[in-house]
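Before any questions on how it binds or moves, here is one chain, the form predicted alone, in structure tokens.
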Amino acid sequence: MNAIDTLRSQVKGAEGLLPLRVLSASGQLGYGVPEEAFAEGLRRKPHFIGADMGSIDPGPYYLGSGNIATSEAQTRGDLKRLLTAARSLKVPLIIGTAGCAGAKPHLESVLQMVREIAREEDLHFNLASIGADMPREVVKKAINNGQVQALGAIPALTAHDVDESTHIVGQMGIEAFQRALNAGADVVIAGRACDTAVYAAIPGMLGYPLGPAMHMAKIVECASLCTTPGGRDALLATLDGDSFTVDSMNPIRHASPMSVAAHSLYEQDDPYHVYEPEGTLHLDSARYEQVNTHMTRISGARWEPAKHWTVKIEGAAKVGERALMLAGCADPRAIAAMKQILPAVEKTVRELTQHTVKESFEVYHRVYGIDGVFNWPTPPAVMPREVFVMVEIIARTAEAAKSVATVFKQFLLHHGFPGRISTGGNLAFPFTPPEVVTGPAYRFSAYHVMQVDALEPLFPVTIESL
């Protein structure tokens, strides 16, 4: 009997489905799993364990480069902890968005760690992997057919964007996970996936109402982040018919109606609708009720199947090599004049490097304390007493980017401005060299929704026995 059939027999009661216990081990695997809370979650005998590994939040670098975002040692340790626990309890383990970005190199890196852990720990199970790389010709055809829409105020996707992208992935929903489980998987490692799919696929297969199941998945995807004070400890959800409860495995974190309702809005621009590949979760009738000081019960969410399936696609393209110039400033006159100083220095640097740096380059200034995080339309009423200056240079080669950064540093250090008292020392460098070459720079080349006729061909499932 495979894992999903075993679960069916466990939750099938005389009068219907029994409560389903779902353990969210980590909001993002690879950054450590708090041990005491995870151990408590295992003592509650969950029916399956889930964890997400990825996000688009770290920016386009990881998708573009194919590198995983977390350290190999920490990632391996987290995977070992979850694999040994799941096999000890003989319950499914579901992991989404392998290696942070979920493209083929990320998935392969994580799968190799899983195989090595299984061999070292003498673990035996059926492992499913699900690819998420979008075939470029499929994406181009969808563009030509008018089936691709931008998410937000960004340009329409073009065939050139597709060709420039080093990797393009699509976010799979519950369909791909369910296919993997039906194929006999005990452990599922997926490429780029919707966070909710990790936790909603199994309840949907077992016959639990998809509205509450999907809402539960939305809440537990980041583990105890939905509690007060929020954290990353393991979270146990219990799905019971049309409602579910959430319970942090750390006794100092409490799920209140307010904290849980707030997390329903997490990463959503619409407070009442969560759009998934297979449909829409409606939260306008959701209810949040305190069970006790530690737990909240949630009910009332509705699921509407999609008339047309859609897949969010993400792509990243290399734009060049990056170098940074980093400095602090505590000179009040220089701080007040920084908006004029930086463009003036850039003009000088472009003139000085025109014969040595033959290629074009881009320069971006950020002054933390004034406009480093957000480009405020007006300066603060009172200038900060110190600021941090970051000048980013992107050029075709690392040598060109470094050349510009070093010249920029020198002329920013000695730039003359009205009211200057000192001819040097207007900047403070936190370390030397103050120019740092960081490597390749990427941009998001695709952040769009693509309408598709079928989901299965886009997310291939492979099964192997370990």
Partner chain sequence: MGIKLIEIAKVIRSKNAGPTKLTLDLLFNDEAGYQMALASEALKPAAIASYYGLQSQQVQFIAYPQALAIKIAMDRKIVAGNPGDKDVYGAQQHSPLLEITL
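Numbering follows the first chain given and starts at 1. This one's a predicted model, so the numbers in the text were calculated from it and none came from an experiment.
The following text describes the form predicted together with the partner chain, which does not appear among the structures shown.
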(request) Please name which of the stretches 80-88, 126-134, 276-284, 158-166 has residues with heavy atoms lying within 4.5 Å of the partner chain in the model of the complex. (result) 276-284
(message) Can you work out whether residue 271 and the partner chain are in contact in the model of the complex, taking contact to mean some heavy atom pair no more than 4.5 Å apart?
(response) yes
(message) Would you classify residue 56 as touching the partner chain in the model of the complex, given a 4.5 Å non-hydrogen atom cut-off?
(response) yes
(message) Is it the case that residue 294, even though its partner is missing from this view, gets within 4.5 Å of the partner chain in the model of the complex, heavy atoms only?
(response) no
(request) Examine residue 261 and determine whether its closest non-hydrogen atom to the partner chain in the model of the complex is within 4.5 angstroms. (result) yes
(message) I need to confirm a contact call. Of 252, 306, 336, 154, which residue comes within 4.5 Å of the partner chain in the model of the complex, counting heavy atoms only?
(response) 154
(request) May I ask you to choose, among 267, 359, 108, 242, the residue with a heavy atom within 4.5 Å of the partner chain in the model of the complex? (result) 267
(request) For the stretch 434-466, return the residues whose heavy atoms include at least one within 4.5 Å of the partner chain in the model of the complex, in the order they occur. (result) 442, 443, 444, 447
